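Structure 1 and structure 2, given next as structure tokens, are two forms of the same protein chain, each shown alone.
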Structure 1
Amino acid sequence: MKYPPEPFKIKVVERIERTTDEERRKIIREAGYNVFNIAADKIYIDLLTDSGTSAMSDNQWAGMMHGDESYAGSRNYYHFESAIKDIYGFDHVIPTHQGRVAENLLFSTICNDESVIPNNTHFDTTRANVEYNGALALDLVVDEGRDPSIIAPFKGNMDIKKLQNTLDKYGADRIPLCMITITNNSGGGQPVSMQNLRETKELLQQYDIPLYLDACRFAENAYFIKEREDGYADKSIKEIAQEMFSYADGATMSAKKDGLVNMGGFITMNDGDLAEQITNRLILIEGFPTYGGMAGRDLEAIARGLQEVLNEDYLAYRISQVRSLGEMMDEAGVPYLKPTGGHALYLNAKSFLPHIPQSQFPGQVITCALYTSAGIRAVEIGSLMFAHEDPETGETVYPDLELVRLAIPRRVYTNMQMQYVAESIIEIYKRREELRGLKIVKEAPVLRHFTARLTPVES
């Protein structure tokens, strides 16, 4: 069977309503051409993010009823800790209410103005937390990861030569840790191979530099390793995940992705001294170490979700849903980042709208067109999100990839709804020459894409 059917039954449904074309044109204007500013009940198909938007299982909901809301020592924390240690294998587990807090706790503890943090590709919140704490965030993904048209099995890999050059240029003393994002979200949800994790660790060990994983989509990455890398076809997803983490010294996690929950995260590591420093910060800003900003019921849902996400039938369905959307794009000639990743389809905005320069945000133009024409919310991952001013030259530096991410929530939308998404994208592509650029009228100094307001460029 080419595409496996859903490995679940639908027990509860949520009604969604469609708005009219006229209503959506008015809404997008009032939102400053930024879909983050649109109320969710005005969205028909919401592909803004796969973070915190999963449908939880009956088992997880049952676990919520076992929530122990004791301030200290909640039994749910120990279930949570046990599940994480079983998969990740690190000594210390620190809960946080979501992934970016884990990033903030980590980088605010280890970074200073001289620090350099290499990554395959930093995601937006990771980069922001690195840079807010004075450090330099470097993206060192392999070259094929910067080309949307190249078909390669592991386009999320760290470029070992680039990492070596970084070590030579800045020196090990300035690099408190190296990070790899699995899968590589800003690079199109592309996986990282086991061999690449192993080689990265071997290089870093020579300099006594720890390796941390941004592990939000670790199970999806493990599935790609099983599917694409020699020697792993007969291993379980859990065995592959455990080996992945064996090459790392710690990890940050937004459980809102592969934890299959709506809220929660954690940081886990082997370094006891660092764990103590981070825990002290946690108490100041998040809460006691056995709840870390979450309710006991949330901890229980994560503990159960981390086990469920390892199910191979679920992962095969999950990844095939994204893959089938890509094949529908192929049939119509719509350009997207190939191959499809684990959690999203990424439209290639540069090729989709070659007449619109990056200075006029072609990815954001497509995002707005998707909403106004079909009520679909996606997110730009391109110049609005990542363009920045070079501190030395003052010139604007644009990202290599100009993408629109359609992130598919886990266990939420049917394949018929994905067919609607595909048809809507194809209709926009057919009239792409009619679309015009956007310009910013208001922006925040950090993570501007969340709140920026834009307006169409006058033709």
Structure 2
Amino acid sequence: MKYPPEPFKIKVVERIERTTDEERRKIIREAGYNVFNIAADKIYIDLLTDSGTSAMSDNQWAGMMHGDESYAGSRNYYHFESAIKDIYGFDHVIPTHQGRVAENLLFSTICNDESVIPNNTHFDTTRANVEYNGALALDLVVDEGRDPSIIAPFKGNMDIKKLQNTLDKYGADRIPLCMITITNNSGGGQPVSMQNLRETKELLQQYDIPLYLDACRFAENAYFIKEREDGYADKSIKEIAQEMFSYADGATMSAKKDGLVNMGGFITMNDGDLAEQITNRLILIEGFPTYGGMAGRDLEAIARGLQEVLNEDYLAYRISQVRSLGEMMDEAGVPYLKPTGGHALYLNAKSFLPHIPQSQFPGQVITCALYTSAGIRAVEIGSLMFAHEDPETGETVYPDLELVRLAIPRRVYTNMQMQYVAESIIEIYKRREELRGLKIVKEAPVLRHFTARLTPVES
């Protein structure tokens, strides 16, 4: 067998209902051709996100029953803290109810109007939290990370030259910290190499600038290092993760990804003064420092999830499930962002539908076709999400990439269901010339993709 089969057996199942073609055509029309407006009960395979959608293990569910809901000093906090310190190795651990709160606490504490925050690529919530606090968010990923057709092992790497230029241009005083997102979600879930982490740290150290990791998918990143980087094949995932964090001064984390839970997050760091300031804010907006917006049982589920995610059998299955979806695309010539990353397949909508201009949302057209023909929910990451008006010229600026992300929840769908997904995409690809563009009939002034309503253009 080319890839490992599922390293688990199923103890509890959740029924999913099938809908008919006719029902789905009506549903998508009523939803204004926007899959965010569809009730989840009407979805067969939901690949909207891998965040908060993991299946927990029997061990995690058993841990939930050990939840100690004391306001202060819950035993589960100590389990949570020790699991994090064991892997991440920082002195302070502050729980938050999800990743963006960790970002909010960090950036609202360290940023001012002059600040500049470099990252390989900021995830949307990270960028929003940086910008909301008046700072400039810069994306400095290596050039190959911006080209969907180049096959390279570490397309998530920070471009060290661009980082050096940023330091020269703005000066170290304006850069309170530098971030690296592992894996690089907005760049296709691509990994960052150990060497790149080491080199970034070496450069920053000369200027006394701390390095923080946006660590949502740290275990998937560690698996890629084991697989692709010289010298790591015989190291355990935990050792690799520990080394990754050894080059950093702190991390923000959405445990909804590699924490294998449905809700939770944290921020962890060495700087005691910063930890104290953040803790004071935490009490104001999240909760007491030993629960930070979560129940005791949630802390226990994270403590156990973080240990489970380091399991190599699990990661081998996880990464190969995503990879095999890419290989099925290759066999049919379907264009996608290469190579497949850790958590998702990103279809390249510009090449998939060259006859539909960006002004008619080719990514959204594919997203709607996937729902209508197969009950699959993906998400457009293209013009609907990012096109905007240039404030000076008034012209519409379109993003370079027009993608459709199919994010794979952890331990949720079987490989047979993935095959169904692949066949459904291929079926649409074969009849792609029949597909027509969409136009917006209603949109909100910000983050329009969540609520916009569209309609097919007349042909």
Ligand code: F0G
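If you superpose the two forms and keep the largest set of C-alpha atoms that fall within 1.5 Å, you have the rigid core. Because the structure is predicted, anything quoted here is derived from the model rather than measured. Structure 1 provides the reference sequence; residues are numbered from 1 along it.
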| query | finding |
| --- | --- |
| Structure, 1 versus 2, that is the form predicted together with the named molecule | 2 |
| Did S359 shift 2 Å or more between the two structures, C-alpha, core superposed | yes |
| Shift of E14 between the two structures at or above 2 Å (CA, core fit) | no |
| Large Cα move at I408 between the two structures, threshold 2 Å, rigid core | no |
| Core-referenced Cα shift (Å), G32, between the two structures | 3.3 |
